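What follows is a single chain, given as structure tokens, in the form predicted on its own.
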Amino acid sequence: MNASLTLTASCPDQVGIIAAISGLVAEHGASITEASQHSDPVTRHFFMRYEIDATRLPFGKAGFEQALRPLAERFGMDWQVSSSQAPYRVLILVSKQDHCLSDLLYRWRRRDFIFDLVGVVSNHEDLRADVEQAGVPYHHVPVTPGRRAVAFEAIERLFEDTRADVMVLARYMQILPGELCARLPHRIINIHHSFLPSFVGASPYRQAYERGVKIIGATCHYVTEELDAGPIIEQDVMRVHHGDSVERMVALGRDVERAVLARGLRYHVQDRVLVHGNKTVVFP
């Protein structure tokens, strides 16, 4: 049996949703250990996340899904059930900058939050020693002019062969093909080094410097076919001032980028993010 199940669901808001789900859980001898709900007053859409102590259930994850299906159909739910016994499988993509990768490797080793790291892909060889020292497979996939399509086909095969659930762009300095993004909706996470929607694209710190901003930030978001425009998972900022150079902003920004990407990935692998259109509901 599963020690813990997580149910996430969204549907048009209506009377009786919470009572019906809670009743179903209690009917089969289980209990809810964490409950989060949100009702959007504008769209009149309802969002929920329940953690369920399933040790007393007479069935496992598949049995619970079968029991839940009639209620889900009744309320018109988009829903999923995940098990604590099957952590998310994560494939990280990186280029030469190592600060976000190093932070995720540390958190993975320390089990700061639980995920299976199935490999690291890079278009350079620079970080191979660090990754392999951690006991993680390292895949060098060069992205060169005229062979971009071949490179991204290879990356997609690695994603499939490793049975990864989510692809994390940890300062991967390449734009993914739109077709790949479309095939993996809400399964590719990026860290962008600005407070989106400000300063999209390349060199956001230089753009921020030239604009004379007083705060800089970072944004963790899902990748879509439109550059830097996917649903936002997490953001944070820090103050800068007129004396800070572009290089100083880049150095300061690394700390924000690390923290924001780690929180965003944590929320994703703990099923705390529900996407609705181009917005998210995040239950921290």
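The model shown is predicted, which means the values in this text are computed figures rather than measured ones. Residue indices: 1-based, along the sequence shown.
In what follows, reference is made to the form predicted in complex with a further copy of the same chain, a form of this protein that is not presented.
Undergrad: Taking 4.5 angstroms as the heavy atom distance cut-off, pick the stretch from 81 to 89, 154 to 162, 172 to 180, 99 to 107 that is near a further copy of the same chain in the predicted bound form.
TA: That would be stretch 99 to 107.
Undergrad: Hey, in the predicted bound form, is Thr280 touching a further copy of the same chain, heavy atoms inside 4.5 Å?
TA: Answer yes; at least one heavy atom of Thr280 falls within 4.5 Å of a further copy of the same chain in the predicted bound form.
Undergrad: Although the partner isn't part of this model, could you tell me whether Thr33 comes within 4.5 Å of a further copy of the same chain in the predicted bound form, counting any heavy atom of the residue?
TA: Thr33: yes, in contact with a further copy of the same chain in the predicted bound form.
Undergrad: Does any part of Val213 reach within 4.5 Å of a further copy of the same chain in the predicted bound form? Heavy atoms only, please.
TA: Val213: yes, in contact with a further copy of the same chain in the predicted bound form.
Undergrad: In the predicted bound form, does Ile233 come within 4.5 Å of a further copy of the same chain, counting heavy atoms only?
TA: Answer yes; at least one heavy atom of Ile233 falls within 4.5 Å of a further copy of the same chain in the predicted bound form.
Undergrad: Along 183 to 210, which positions have a non-hydrogen atom within 4.5 Å of a further copy of the same chain in the predicted bound form?
TA: Phe195, Leu196, Pro197, Ser198, Phe199, Tyr209, Glu210 sit within 4.5 Å of the partner.
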